[in-house]
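So this first bit is one chain, no partners, the form predicted alone, shown in structure tokens.
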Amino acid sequence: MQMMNDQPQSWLSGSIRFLGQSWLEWMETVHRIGAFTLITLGVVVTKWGVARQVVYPEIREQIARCGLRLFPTVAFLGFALGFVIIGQTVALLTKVGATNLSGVLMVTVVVRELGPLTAALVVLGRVGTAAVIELGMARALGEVEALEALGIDPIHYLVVPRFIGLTVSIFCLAVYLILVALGSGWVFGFLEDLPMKPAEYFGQIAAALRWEDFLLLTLKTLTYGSLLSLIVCYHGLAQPMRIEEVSRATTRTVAQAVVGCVFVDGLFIVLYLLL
């Protein structure tokens, strides 16, 4: 009997110990990423005009890599999103005679939630993971130390272009995805011969939009981009690693970036409710 009573207690104590260790590790990671963020922002402010012939082309390259090259993928996702969600929502509201709610639903679901989050996750999956591998390999092979030996700040040369590139790209891709999704939703309604004319469809969307939506959409996408770029660069660059540790760093980056995006989304939901 004593052994049977000890087993639940040992399981409970082990679970509490595991949760405590996990919490402490997360808090330590948040602290380290916060310190890395302050260093990066300090470099952006103090060295913005330094070596512009080298850094500015890197920024343009990152914007092209993270933004322009992902336009076809984002267009496909926006088209599918409009067909699957907007089109079926409008068709369902038409059947129940509640088409006056379509604008509010589309703004809430697409503009506020799915558009920014989908764009951020696409950039994370296509570009963020590759950036972790690139920076991790540079760290493991000693290239970062070589830059420092040459008097080049690795944060200025490697982090700042990715920080600006990912942030600007996620904002542009989110706006592009939202426009494509809203347009494809109307195409679905046209193909289904729904009794909602284009003027009524887009008029309801315009009526449902508020000035806060534009402001919070901008802030939300910029926050996504800043958070993802800093997490990516931190795991790839800010700590020593061996080549065999690069894959584990990539896995940690994806997990923490997704959790961070969900947390930011929750904060903005509270802001939408308060405004």
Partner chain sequence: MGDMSRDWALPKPAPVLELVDAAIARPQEPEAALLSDIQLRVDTGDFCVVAGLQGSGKTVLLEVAAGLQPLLHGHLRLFGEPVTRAEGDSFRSIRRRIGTVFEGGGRLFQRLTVEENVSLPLRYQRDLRIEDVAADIAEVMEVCGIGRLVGIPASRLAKGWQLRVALARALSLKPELLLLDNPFASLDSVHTVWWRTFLLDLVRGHAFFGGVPRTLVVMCDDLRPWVRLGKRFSVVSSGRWRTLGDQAAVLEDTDPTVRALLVEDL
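Values in this document were obtained by computation on a predicted structure and should not be read as measured data. Numbering follows the first chain given and starts at 1.
Only in words, not in the display: the form predicted together with its partner chain, which the text now covers.
Which one, 84, 105, 147, 91, lies within 4.5 Å of its partner chain in the predicted bound form by heavy atoms?
In short, 147.
Quick check for you: of 52 to 60, 246 to 254, 222 to 230, 24 to 32, which stretch puts a non-hydrogen atom within 4.5 Å of its partner chain in the predicted bound form?
That would be stretch 52 to 60.
Using heavy atoms only and a 4.5 Å cut-off, decide whether all three of 112, 210 and 213 touch its partner chain in the predicted bound form.
No: no residue has a heavy atom within 4.5 Å of the partner.
In the predicted bound form, is there a heavy atom of its partner chain that lies within 4.5 Å of any heavy atom of residue 141, even though the partner is absent here?
Contact check for residue 141: yes, within 4.5 Å of its partner chain in the predicted bound form.
Answer for residue 47 alone: is it within 4.5 Å of its partner chain in the predicted bound form, judged on heavy atom distances?
Heavy-atom contact with its partner chain at 4.5 Å: present for residue 47.
Is there a heavy atom of residue 200 no more than 4.5 Å from a heavy atom of its partner chain in the predicted bound form?
No, no contact at 4.5 Å.
I'd like to know whether residue 133 contacts its partner chain in the predicted bound form, with contact meaning heavy atoms within 4.5 angstroms.
Heavy-atom contact with its partner chain at 4.5 Å: absent for residue 133.
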